[in-house]
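The same protein chain appears twice below, in two forms, each given on its own as structure tokens and labelled structure 1 and structure 2.
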Structure 1
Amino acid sequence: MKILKRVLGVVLALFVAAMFLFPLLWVVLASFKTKLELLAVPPVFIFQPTLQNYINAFNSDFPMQVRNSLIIAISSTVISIILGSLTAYGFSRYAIKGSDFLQFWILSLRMLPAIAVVVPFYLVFRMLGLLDTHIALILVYCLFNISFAVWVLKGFFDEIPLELEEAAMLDGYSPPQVFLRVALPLARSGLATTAVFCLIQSLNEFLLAVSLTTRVAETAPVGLSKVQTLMGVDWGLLSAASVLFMLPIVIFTIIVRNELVRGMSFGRMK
């Protein structure tokens, strides 16, 4: 009876995993199919794989779009980690007037719908001639990344024992030195985790990217969204590009797998 229950549990777990894995496998499979096999009825499961879709993806605008995505995501992440770690450390170590209010305000930025800032940003960037530039998206993504970084990093700083910083103070370190030489090195895994989440969020964002870029600074999701071409939808190329775009995200997820709860719940749960 006990063994039966155990087996049933394992089978259930495998079934759940299969449900989430199947669509991903299907798109990977599709990326290796020819045009005919992609549109075959009934769908084919076994076929001679081809790399043609990947070659096509590399010869399209896709590499440029990925480059844009990376420039924007990395720049925004670096700015957000620098500013976020300063402020998170401040909230963690100093009591400032209205600290709770300010922290809540930062949290509420997580609730801010992107559509609400699309209109004003579009007009302002248009006026400044910054539409379709990297700078526009880097700045806008900072809005979401900084607020995220402050909350999550505060949790990591709170976990550092104060005694270490006290000892450094007694050794004659100034507060900035304590921050740079004691707190930051101790929080490095937290900093890395936060950075990875900022990167993922920035790479995945779509509404602001599609509104504020047209061609030059187009990110990968924007490129992928323009599926309708004169030739119809090239599902082979789209699948290959999707797989290439998801690959780094999968690697990032493996890196931060133990901190998923914190990263996904804005640090509200540990």
Structure 2
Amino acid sequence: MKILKRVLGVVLALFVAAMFLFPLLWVVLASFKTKLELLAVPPVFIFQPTLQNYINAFNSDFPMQVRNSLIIAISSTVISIILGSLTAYGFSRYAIKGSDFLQFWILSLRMLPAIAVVVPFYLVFRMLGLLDTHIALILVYCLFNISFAVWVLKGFFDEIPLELEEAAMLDGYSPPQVFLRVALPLARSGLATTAVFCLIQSLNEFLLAVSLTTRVAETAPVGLSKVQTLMGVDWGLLSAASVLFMLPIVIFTIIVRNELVRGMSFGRMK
């Protein structure tokens, strides 16, 4: 009976994984097909791969848009991690008057719908002359990512025993040194987890990017929405561009996968 349950569990897990991976596999295969093969009915799974779609992607504005996305996403993620970790550590270690209210207010910023603030942001940045700049999107994304970082990292700092920090202070560490040399290294799995989610959020965001940029700071999601010709959507180019856009986050996730797994399970295991 146990063997049967284990087999059924493995089969179910493989089925669910296949459901999530099939769209990704479809996009990757489509990026190597010609236009005729893309429109073939029934779909063609055995074909002669072509790199023309990737060549077309590199010859378009897409590399510039990916560069903009990476600059904005990495900058906003780094700033959010720095400010979020400082704020979360303060909430975790110090008795702050009205702490519960402040934490709820910070968390509520994460739940704020982008459509509700796009017009005010547009008017403010137009007045400041920051429309279609990297700075505008970095500031906006930090607003949403910092609240998420505080919410996640506070839980990680709460799990760190106070005795470790007290022992470090007895050894002569100052409070900033305790934070940098004790708390942060112990919370590195939380930092990696938070960084991945902030990076994904910043890379995928569309509404604010399309509203606050026109050309110079245009991001990849906005560029992907404009992959259209006189003959309709160029699905090969769109698929190739999508694969290229996915690569940075896939590579980053693979690099921090060990810390990410620890971060996902942190708190369940002592």
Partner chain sequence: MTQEAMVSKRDGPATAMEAAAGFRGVWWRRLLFVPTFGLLLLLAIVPLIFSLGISLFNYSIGSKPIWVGLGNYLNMFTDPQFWLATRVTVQFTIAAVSIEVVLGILFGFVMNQRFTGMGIIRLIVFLPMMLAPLVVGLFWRFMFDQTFGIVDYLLTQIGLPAIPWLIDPFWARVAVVVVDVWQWTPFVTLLVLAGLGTVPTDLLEAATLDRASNWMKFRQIYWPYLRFPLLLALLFRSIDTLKMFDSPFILTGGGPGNYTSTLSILGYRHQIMFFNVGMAAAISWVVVIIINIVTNILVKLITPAKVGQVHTGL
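Not measured: the values here are computed from a predicted model. Every residue number counts along structure 1's sequence, beginning with 1.
- Source of structure 2: the form predicted alone.
- Among the candidates Phe148, Phe121, Gln177, Asn56, the residue located at the hinge where one rigid part turns against the other between the two structures is Asn56.
- Treated as two rigid parts, the chain shows its smaller part rotated by 9° relative to the larger one between the two structures, based on C-alpha superpositions.
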